[in-house]
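So this first bit is one chain, no partners, the form predicted alone, shown in structure tokens.
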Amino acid sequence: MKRDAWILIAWLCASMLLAQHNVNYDEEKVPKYVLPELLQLQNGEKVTSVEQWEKQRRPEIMELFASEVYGRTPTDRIKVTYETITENPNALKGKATTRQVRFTFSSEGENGDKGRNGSVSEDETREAILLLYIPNKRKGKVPVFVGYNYNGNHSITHDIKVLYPPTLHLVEELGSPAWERDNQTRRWPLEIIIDRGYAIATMCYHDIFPDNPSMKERSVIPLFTGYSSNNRPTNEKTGSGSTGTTGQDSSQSASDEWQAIGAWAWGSSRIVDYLETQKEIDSDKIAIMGHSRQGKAALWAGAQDERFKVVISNDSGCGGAALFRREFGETIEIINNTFPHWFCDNFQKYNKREPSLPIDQHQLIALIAPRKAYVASANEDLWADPKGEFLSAYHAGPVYRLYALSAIDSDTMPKLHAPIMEDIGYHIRAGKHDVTDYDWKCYLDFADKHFKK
């Protein structure tokens, strides 16, 4: 534990030193760039129909994001079981029912076959705890927001019965602010969301991949076939089944192996698997909301899993909604050096070489079509490049129009607090890198519009 703490401290210090140098915040220094074509096949043919997009161009773009940025989501399916630990029908002063559900991930396959070493040991299981809030005043099934929290389920509520995540001790020393109950309630206005008629399904992101470069072995990733501790694939054959539209098998090179963002995206889909079993939840009205690094993961989850009907990215910046080619604020080199465990190794090839990356983030947003996408920025959050986030949403428009849907019609950024509510939405608010009640009001309005509440 002490060794891991020192590794984390050293990593954070190095990250802060690096972040202070060679960062561009001057719009006049943004290089001239040409974005990769959205509606043009790799053979040069223009895409003119939804069928061409879905059968040809979309798979091309998905493959590039999987191989060059986020890594390949495994095609084999591991066993996931659910156990309801507690249920409280009088949460939030009687407004909601809460359930705490233990997810157990096992390297035992879905068909009962054993894991990497031929047997299932304690080291080949992982646990996570989902906190689910369901409105008590409801007529029929309710829509739901899915999203990770950063410090644990206990951090978003005053409720002393809400449990700590099983992984927090791996990344936070006992007694650190992260252990304080209700330390991030400002990011999760539970009563506001419940009063609008939405359920909330949240989990600590550390439970899926503890956010530390030394913690990959404690993530869900080692549970999958084709993994070994030296990052080299084994010769084991992957099982059948699919967790998304990208996949890896045992013949892959380590350079495109998935990492933390890929794992977090995968975990979001496992939350949906559970929600589909709950009689109170409308599984046709599932939204995912992610802030910062989880905004990156939310976009990647939304690209892969069509069950997310609304995909929301809040202040997600580099590797999320912001265009790489602007080289404004955080860049590929900075993010790779600061967070080497987030992206696949192939992404390192593009350090200081943004123009050579064959894709950019407007294409990631376009992969969500015809489902609804929303991007949000904060005007003081220059590190995340608000203009680059907006332009990604704008340049994703041609694919939405291919579906005869509405998109952002101007490349001029809107004024503060003037949200755009088309099939692609956007707002920029005053303030810093955070999630605020204003952000949530916009997300709820956007979901209301597209879920036709």
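Bear in mind that the values here come from a model prediction, so they are computed numbers and not experimental data. In case it trips you up, residue 1 is the first one in the sequence shown, and so on.
The next section is about a form of this same protein that is not shown, the form predicted together with a small molecule.
- With the small molecule omitted here, the record of contacts in the predicted complex names 293 to 301 of 163 to 171, 273 to 281, 355 to 363, 293 to 301, defined by a heavy atom within 4.5 Å.
- Of the residues given (82, 179, 150, 350), 150 alone sits with a heavy atom within 4.5 Å of the small molecule in the predicted complex.
- Proximity to the small molecule in the predicted complex, defined as a heavy atom within 4.5 Å, singles out one entry of 257, 207, 330, 305, which is 330.
- Contact annotation for residue 311: none of its heavy atoms lies within 4.5 Å of the small molecule in the predicted complex.
- Residue contact check for residue 342: one or more of its heavy atoms lie within 4.5 Å of the small molecule in the predicted complex.
- At the 4.5 Å threshold, heavy atoms of residue 289 stay clear of the small molecule in the predicted complex, well away from it.
- Within this chain, residue 335 lines the site of the small molecule in the predicted complex, having a heavy atom no more than 4.5 Å away.
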